[in-house]
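Next comes just one chain, in structure tokens: the form predicted alone.
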Amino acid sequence: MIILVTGFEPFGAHAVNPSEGLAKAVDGRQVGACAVRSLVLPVHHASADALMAGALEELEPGAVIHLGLAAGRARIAVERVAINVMDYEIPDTRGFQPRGEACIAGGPEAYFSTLPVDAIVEALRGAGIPAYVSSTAGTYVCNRTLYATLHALARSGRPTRAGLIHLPLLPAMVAAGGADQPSMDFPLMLRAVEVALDTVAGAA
């Protein structure tokens, strides 16, 4: 089975995005009987959709773990739900800034993650990593990408599991910005992704 891990390119005021580095760091790994492949997505819904459609068709993964950045979060946030709303506080990298628009017109109001959310959080906490189940993935591109992935899988009938994990800022990002924000270092985030992969592979 293939587990597809995606990250996002930098966006907004952020010169780096830890989700990109984490996705690249686990690419090509073997976790139990599962092979890990990674993909870095643009912070633009239509371009991300096209890349995801191609990856789902080519790789036929058994699971998809989207990784995203969420400034202000102090812990690893394993998302429970994606809602059918785009309400961007800042434009994406193409200058697109919807306000209160549907992710997909006519789609369900929400999709629940099909990853073992509670088991991932339990495993993270057991490994000494601060983590929680989040019931709000926001209304920016991360939420939009999770919603679109779950919608595409529902329409195709594929049994692929999919979900999203939000990450805090890196310490260097907080230092550069000068704001009073929580952070987490890259090695601990990488360990969190490894624990999530182990949990998903074990549930396959």
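Counting begins at 1, following the sequence as shown. The structure presented is a predicted model; accordingly, all values stated were derived computationally and were not measured.
Below, we turn to the form predicted in complex with a further copy of the same chain, even though it does not appear here.
**Student:** Can you say which of 60-68, 39-47, 24-32, 132-140 gets within 4.5 Å of a further copy of the same chain in the model of the complex, counting heavy atoms only?
**Tutor:** In short, 132-140.
**Student:** When the contact criterion is heavy atoms within 4.5 Å, does Pro171 count as touching a further copy of the same chain in the model of the complex?
**Tutor:** Within the cut-off, so yes.
**Student:** Please tell me whether any heavy atom belonging to Asn84 falls inside 4.5 Å of a heavy atom of a further copy of the same chain, as the geometry stands in the model of the complex.
**Tutor:** Yes, Asn84 is a contact residue.
**Student:** Contact with a further copy of the same chain in the model of the complex for Leu51, defined as at least one heavy atom pair within 4.5 Å: yes or no?
**Tutor:** Result no; Leu51 lies far from a further copy of the same chain in the model of the complex.
**Student:** Just to confirm, Arg125 within 4.5 Å of a further copy of the same chain in the model of the complex by heavy atoms?
**Tutor:** Output for Arg125 is yes: heavy atoms within 4.5 Å of a further copy of the same chain.
**Student:** Taking Ala74, Gln181 and Leu188 as the candidate spot, are all three within 4.5 angstroms of a further copy of the same chain in the model of the complex by heavy atoms?
**Tutor:** Every listed residue reaches a further copy of the same chain in the model of the complex, so yes.
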